[in-house]
Every structure is written in structure tokens, then in C-alpha cells.
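For this one, two forms of the same chain are given in C-alpha cells, first as structure 1 and then as structure 2.
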Structure 1
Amino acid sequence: MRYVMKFGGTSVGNGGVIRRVAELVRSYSEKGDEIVVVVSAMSGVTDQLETIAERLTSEYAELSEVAEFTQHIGQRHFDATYTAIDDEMVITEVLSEIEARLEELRNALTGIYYLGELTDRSYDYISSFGERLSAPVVAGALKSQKIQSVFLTGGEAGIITNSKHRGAHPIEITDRRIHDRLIPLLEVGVVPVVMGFIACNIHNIITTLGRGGSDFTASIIGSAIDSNAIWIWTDVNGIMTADPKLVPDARTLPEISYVEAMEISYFGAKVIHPKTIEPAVSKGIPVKVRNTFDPKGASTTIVDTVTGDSNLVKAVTAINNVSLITLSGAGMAGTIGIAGHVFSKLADAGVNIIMISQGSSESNISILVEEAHLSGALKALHELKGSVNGSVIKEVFCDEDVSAIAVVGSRMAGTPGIVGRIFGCMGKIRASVIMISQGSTEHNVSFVLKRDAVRRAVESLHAEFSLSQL
């Protein structure tokens, strides 16, 4: 069998876990399975890299912070190396690799400090260091357990993307390249350890697939090499009826459809990146979400069609890093083409729209966008306000203190009464609903409310649809 196994941040979070991950991979490799490993950065490292990069552009930053930061991040990887690897020669190799990466990181951060600015391209370069530091340790741990292994950047593994930094998408040549680069390694029994999340464009400049993108790396590779399955190893027992951090009695969903997984992830369940599903669907490859810390425990399999499942509602998800923009103007009513102008302007500004709603009076349009895209969206909309076609837009407001909730389940389609129960719950907990949207496929009902009501809302919906008793 051929598998792609992706290990997330917590699954490679320290040397002890990396050792266990290597043992797990060895157990499959010894059975004769061909395995490609995809790794994330150690937990928290990508966040720390982004934070220091932003911090260094501030006028209060000090150059000494660069050395302090690289020392701190370096120490964590050195410690992991000593704990995960027994073979002295391999330890030496891995340490010198880490040293080289730290030197590069130091130089890059120093550059940002002096320039005082951070472009999307440099953002990607800096945030790539998490995976560039973790992959050598994981490959070293495998070697130390007598498994032949090499580590590769996403680009070296064949993933070539467009140049849309911080959310790049693979271009067509990717599949062929991955196939040509990885299959020869698998054929001679080597386990490639590919750095998730990072890739490069045709000019060999580092790009990233967007935060949480290692899952996407795994499915791009799984599809390109026709793997039998893609396994996402994480820190929870699969995809659950709600985020277990919000609802402690959330339950594992043993099987869900590609469509449901896509809806659940799109609306906030970060357990799997929304783009993961598409490459898997194209080849009909099952995706399994498993717990590294409980490998024999409950897990989720994502397949084309789920059989023998009668639950209407599968999961309740929440997404916090969003902002709501409202456009209004009495003249908007009946003026043809306004929505078109708004959406093309936002598309040109690279804004990802999560939800849209327009009241029947047509004098306002509400748009939910990713928090990271808020300033770009506001800038674009303010420009539009003054233009001839957009001049009927009088006001642009934004509310950053909101969250979106989605109630997901493909069997909800055509079942009356669900929407009433959802909003009945919101009434009971006295949460005011700011915006509502339901796709015509009826696989989900989503709505926006104030952020402080999220936990109560998810808990009450979870109870209303008896999800803990699935």
C-alpha cells in the first residue's frame, strides 16, 4: 500500500513525540508499505516566526531581539534532536543542518529590522523556517531507526505554485513533477520527509499555501502519486461534532463525506485545511484523520458517500478570525450592477469572502471576510465609494468583534424545521444574530454573531441536535 502521512505541529512538537512518530512510520514501512511523510513546523513556531517578523518592523524593536529569537528557536530544535535521535552521526548531520538554517533566518530577520517593512514575499520566506527546521529532525529520527530517509522542501518534492504569497495554489506541472521526484525514492525504499505548507514559484521563490496548509501539501502529494490513502495525524481523535476545546463532550465522526468535510473545515474546524479535500476528491482517495497520541483510538474517514448514517446535523463549527463589512446607501436599491462592482473590486484586492447577504430592501450588503483581509477590503471599498458606479454606496462600516457559526450536515437538505431549531436556540441563549446565510445546496446553515456568544452558541446547538449522543 502507498500512504501519505502528515504529522501536524503537536505531533512533531518535541523530541519525545518525534521519536514516537518515527516508530509509527517504521511500523508501516517494515510491513512493506510505501510512505511519504509530510511535516508541519513544531507547534507554535510558525506563529512565533510571524510575530517576530512583524515586531521587527516596529520602531520599538531592538536588533538584539533577532539573536534572542534565533537562539530560543534553535534551542528547541537542538533539544528535539538529542531526544529523538540516538545515532551520533545522524545527530551531527541534523545539528549542522539546523545551524545553517538558523544562520539564514538570522540574516533574513536582520534584513527586516533594517528595512522596517515586511512584504508578503518576505512573510512567506520567514514563515517557511518552521518546516525547514522540523523536517531534518524528523528525517534524522527515521534514519536513526534504520529507515532510509531524505528531507525535501515542498518545491524540491515538486510543488510549484503561482506567486500569490501567503495563499499560493499549485500550478499544473506540479502533479507530474511530484510523481517524477517521489516515485523513484519510494521504489528504492526511501521515506521522503516533505516540508508541508511551503512550496516555490517557477522562479524558485518560496511561497506558502496559507496557514494550516500542510494538510493541503499532503493531499496534493497523495493525489499526484496515487496513494491508497492520505492520513492526517493530529492531536485529536479525528473530526468531531464540535471543537473539543469548546465542547468537551464532542464526539468523533467515524465517517463523513467529502462535501461535509469541506463545509466543516471551511467554517472553522482547523483540524483539516479546507483545500485538502479537492485533490483527494479528484482521485477518489480516502482521507483519514487520526490521533498521533491515540493511534488505535477513534478516527474519521472522509469518503465520497457515507452509507447507513441518518444524522441530519453532523457538526457545529465556529470561526473567529473574521470581520463583517456592511455597505449601505439608499440609492443602492434597484441600481443594477452594484454587487458586481463590489465583488470584482474585492477580488482584485485579493480578498477572500466567506459569506454574503443582501437585504430585500437592497439598500445594504453585508460581507464577511477573513480578518487578515480586512484592511485590504476596506481600502478597496473606500476607493469604490468615490467612483462613478459605486457612488450610491454612502457608508462602509466594519465590525471586527464577530464570529461565524456553521451547522453542517448533508442530510439537512430538504428537511424542514432545522433552521427554526437553530435560531430558536439562539433566542434561548439570548444571542443576537447579525447575519444569516444558507447555501442553496442546504449542506450548511451559517450565521454571524458577537464573538462573546460563540461558546454558548456552539454548546447549545450541540445539545439541541444531541450530537454528543451520536
Structure 2
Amino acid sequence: MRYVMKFGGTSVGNGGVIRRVAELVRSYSEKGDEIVVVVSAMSGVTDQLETIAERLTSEYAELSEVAEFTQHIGQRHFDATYTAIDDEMVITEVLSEIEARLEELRNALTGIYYLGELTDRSYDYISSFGERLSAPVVAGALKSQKIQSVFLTGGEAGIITNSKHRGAHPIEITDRRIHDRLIPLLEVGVVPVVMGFIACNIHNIITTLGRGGSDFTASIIGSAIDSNAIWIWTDVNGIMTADPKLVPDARTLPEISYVEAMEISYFGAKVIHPKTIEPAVSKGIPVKVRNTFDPKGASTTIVDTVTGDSNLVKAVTAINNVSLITLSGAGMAGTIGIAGHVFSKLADAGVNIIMISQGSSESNISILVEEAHLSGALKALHELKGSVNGSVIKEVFCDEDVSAIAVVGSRMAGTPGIVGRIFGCMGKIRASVIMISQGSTEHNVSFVLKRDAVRRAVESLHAEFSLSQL
């Protein structure tokens, strides 16, 4: 059997966990399975890298911060190396690699300090160091378990992307390059450890697949090498019917469809990246979500079609870090091209739109965006306000005290009464629904409400559809 196994965050959080990962991989490798390991940065490291890079562009930054930061982050990886690896020769090799990467990082951060500027290209380069530091430790831990292993950047493994920094996408040649580079290693018993999240363009310049992109890396590789399954190892027991912090009796979903997984991951569930499913769908490869710390515990398998399933709703998810922007103006009604202008302007500003709603009067448009994109969105829309068709957009309102809830289930499609039950629940708890969105596939009903009603709303919906009994 051939598997791609992705480990990230807390799954490579320290040396003890990395040792556990190596033992887990060994248990499959010893059975003759061909394994590709994909790793992300150690928990919190990418955030720290991005924070220091942005900090160094400030007029208040000090050059000494570069040395302090690299020493701190280096020590964490040195400690992990000594804990995860027993072989002295392997330890020496790994420490040497870490020192080399730290020197590169010091030079890059020093350059940002003197320039006082952080371009998207530099941002990708700096944020790539989390994986470039963790992968040698994981590969070393495998060698310490007597498993042949090499570590590769995403680009070295064959992932070639366009040149869109901070959110690149693989180009057509990627599948063939991955196949040609990884299959020969697998055939001789080598376990490649591929750095997730990072890749390169055709000019060998580092790009990234966006935050959380290590899952996407695993799926791209799994599709290219025709793996039997793609395993996402994390710190929870699969995908759940709701956030257990909101609903204590939430349960693990043993099996869900590709479309359900995409909807759940996009609307709040952080277990897998929304793009993870896309490459797997083309080859019909199952994606399994399992707990590194409880390998035999409950898990979720994501497949094309779930058979023998009578449940209308699979999960209720919530997103809190969002803001609602509403554009209004009587002159917007019947004016051709307004929506096009709005969405083009937001796209140019790099704003990710989560939900859209337009009143039947056509005099207002509501847009839900991530909080991180709010300032950019407002700046773009205020610029647009005075420049489109005689200023037909009169007002731009923003409400930051909102959350979005999504009710997901593929069997909802074509079933009468689902929407009535959903909003009947909201009536019972006296929650005011501000905005509603339902896709034509009917697999997802999403709506926006005030943030203080989220817990009650999720609990009510979870009980209404008996999700704790799945």
C-alpha cells in the first residue's frame, strides 16, 4: 500500500512528539507500505516568523531582535533534535542543517530590517523557514528508527506553482514532476519527508500555498503518486459534528463525503485545509483524519459517496473572526455593473469574500469578510464609493460583532423543510438572523447573526438534528 501522511502543528510540536511520529511511520514502513511524510512547521513557529518579519519593518525595531529571535527559535529545534534522535551521527547532521538554515534566516531578517520593507516574495521566503527547520528533525528521527529517509522542499519534491505569493497554486507540470521524483525513492524503500506549505515557481523562487497549506501539499502529492489514501494526522479525533468547545456532546463523524468535507472545512472547522479535498477528488482517493496522540481512536474518512447514510445534516460549524460590510444606495437599483465593480475592487485588494447577499430591491449588497481583510476591504470600498456611476453607492457600513454559522449535509439537497427547521431553531432562541446564503447545491445553509448568540445557535441546531446520536 502507498500512503501520504501529513503531520503538522502539535504533531511536530516538540522532540517527544516527533519521536512518536517516527515510531508511527516505522510501524507502517515495516509492513512494506510505501510512505511519503509531509510536515508543517512546529506549532506556533510560522506565526512567530511572520510577526518578527513585520516587526522589523517598524521604525521602533532594533537589529538585536534578529539575533534574539534566531537564537530562540534555533534552541527550540536543537532541543527537539536531542529528544527525538538517539544516533549521534544523525544528530550532528541535523544540527548542521539547522545552523545553515538559521544563518539564512538571520541574513534575510537583517535585510528586511535595513530595507524597512517586507514584500510578498520576502514574506513567503521568511515564512518558509518553519518547515525548513522542522523537516530535517523529522527525517533525522526516522533515520534514528533505522528508516532510510531524505528531506525535500516542496519544490524539490516537484511542486511547481504560479508566481502568486502568499497563496500560489500548482501548475500543470506538477503531477508529472512529483511522480518522477518521489516514485524512484519509494521503490527503493526511502521515506521522503516533504516540507508542506512551501513550493517554488518555474524560476525556483520560493512560493507558499497559503496558511494551512501543508494539508494541500499532502493531497497534491497523494494524487500525483496515486496513493491508496491521504492521512492527515492532527491533534483531534477526526472531524466532529460541531466544535466540542461549543457543544460538549459533539461526536466524531466516521465517514463524510468530499463535498461535505469541503463545506465543513471552509466554514469554521480547522481540522483540514479547504483545498485539501480538491486534488483527492480527481483520483477518488480517500482522505483520513486521525489523531497522532490516539492512533487507534475515532477518526474520519472522507470519500466520494457515503453509502447507507440517512442523516440529513452532518455538522454545524461557526466562524467568529468575520465582519459584515453592507453597501447601500437607492441609485444602485437597476444600475448595471455595480456588483462587478465591487467584487473586482475587492479582488484587487486581495480580500477573501466568505458570503454574499443582495436584497431584491438591488439597493444594497452585504459581504462577509475575514477580520484580517477588513481594513483592506473598507479602504477599497470607500475608494469605490465616490467613483462609480455618479456615486450611486452612498453608504458603506461595517458590523464587526457578527459570526457566521453553516449547517452542512449532502442529503439536505432536495429535502423540503430543512430551512424551516433551521430558522425555527433561531426563532426559539430569539436570535436575529442578519444575512442568509444558500448555494444552489443545497449542501450548505449559511447565515450571519450577532456573535453573542453563536453558542446558543449551534447548541440548538445540534440538538434539532440529533447530531449527538450519529
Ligand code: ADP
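Every residue number counts along structure 1's sequence, beginning with 1. Heads up, when I say rigid core I mean the largest set of C-alphas that superpose within 1.5 Å between the two forms. Note that the coordinates shown come from a computational prediction; the quantities given were computed from them, not determined experimentally.
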(request) Kindly point out the structure, among the two, that is the form predicted in complex with the named molecule. (result) 1
(message) Taking the rigid core as the reference frame, tell me whether residue 341 has a CA displacement of 2 angstroms or more between structure 1 and structure 2.
(response) yes
(request) Determine, after fitting the two forms on their core, whether residue 352 shows a C-alpha shift of 2 Å or more between structure 1 and structure 2. (result) yes
(request) Would you say whether residue 399 is displaced between structure 1 and structure 2, judging by a C-alpha shift of 2 Å or more on the superposed rigid core? (result) yes
(request) On a rigid core superposition, how far has the CA of residue 414 moved between structure 1 and structure 2, in Å, if you could check? (result) 2.6
